[in-house]
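Read the single chain below, which is given as C-alpha cells and is the form predicted on its own.
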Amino acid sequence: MAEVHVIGQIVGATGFSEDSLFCKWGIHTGGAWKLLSGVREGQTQVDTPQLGSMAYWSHPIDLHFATKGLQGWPRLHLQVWSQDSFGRCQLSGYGFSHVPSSPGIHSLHCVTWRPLGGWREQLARAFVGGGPQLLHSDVVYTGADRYRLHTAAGGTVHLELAVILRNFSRYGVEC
C-alpha cells in the first residue's frame, strides 16, 4: 500500500481576541486510509502571550498512514479554546486544513470561526462566558450545513508540516 508520513507541529495562533489559548486537534481520513502509527487527536498546552500577540504551542504531530487511494485525503480539524482566570474554558474558533498532497515542507495558516448564536447567547458570552458550540463537529469540514450558520471570525492557527510520500507509483496511485 502507498504510505504518507506527516511530521510537523502546531506552531501557535494569532489574531484571537482572548488570551490563554489552547488547541484541540484531530485528523480525519476516508475509509481507504489506515493509521499505522501516531495518534488521531491531541491537545496543546495553554499559552498566555507575554510579549506580542502570538500564543506559542509548538505541539508535535507525527502520523504515518497507509492508503489504497487518494479519496479521503487527511485533513486536520482544529478547535481553539480560551481559558479565563477561573479556569473556565470557552470556544474561540473552529477550523480545518487539508494536509498538503505534495511532498516537502509546508507552512499552513488555518483561519478559524465560531458560531454566534442569538443575541441572548452573545450577551451571555460577554458577561458569563461560554457560548454556542456545534453539536456535530463534522460540520466544520463537510460544509453541508455550514452556510446556514451565523459566525464570527476567529484568529489564525499556524502549522508547519513535512509530508513524505512512499510507494505511490508502485501501487498505481498517482498524485
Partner chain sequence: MATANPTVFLVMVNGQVESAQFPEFDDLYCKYCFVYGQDWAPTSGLEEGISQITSKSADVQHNLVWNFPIDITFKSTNPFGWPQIVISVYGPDVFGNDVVRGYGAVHVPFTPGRHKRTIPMFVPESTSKLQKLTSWFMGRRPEYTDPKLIAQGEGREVTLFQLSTHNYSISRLWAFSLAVFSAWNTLLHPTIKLAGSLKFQLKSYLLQSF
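Because the structure is a prediction, the values reported are computed rather than measured. Numbering follows the first chain given and starts at 1.
Below, we refer to the form predicted together with its partner chain, which is not included among the displayed structures.
> At 4.5 angstroms, heavy atoms only, are R75, H98 and L108 all close to its partner chain in the predicted complex?
Replying inline: Heavy-atom distance to its partner chain in the predicted complex: none of the three under 4.5 Å.
>> At 4.5 Å between heavy atoms, is G26 in contact with its partner chain in the predicted complex?
In response: Heavy-atom contact with its partner chain at 4.5 Å: absent for G26.
> Is the gap between E121 and its partner chain in the predicted complex 4.5 Å or less for some heavy atom pair?
Replying inline: Contact check for E121: no, nothing within 4.5 Å of its partner chain in the predicted complex.
>> Within 4.5 Å, heavy atoms only: does W113 come near its partner chain in the predicted complex?
In response: The answer is no: W113 has no heavy atom within 4.5 Å of its partner chain.
> Applying a 4.5 Å heavy atom distance criterion, does I7 contact its partner chain in the predicted complex?
Replying inline: Within the cut-off, so yes.
> From first to last in sequence, which residues of 37 to 52 have any non-hydrogen atom within 4.5 angstroms of its partner chain in the predicted complex?
Replying inline: The stretch 37 to 52, when checked against its partner chain in the predicted complex, contributes S37, G38, V39, Q43, T44, Q45, V46, D47, T48, Q50, L51 at the 4.5 Å heavy-atom cut-off.
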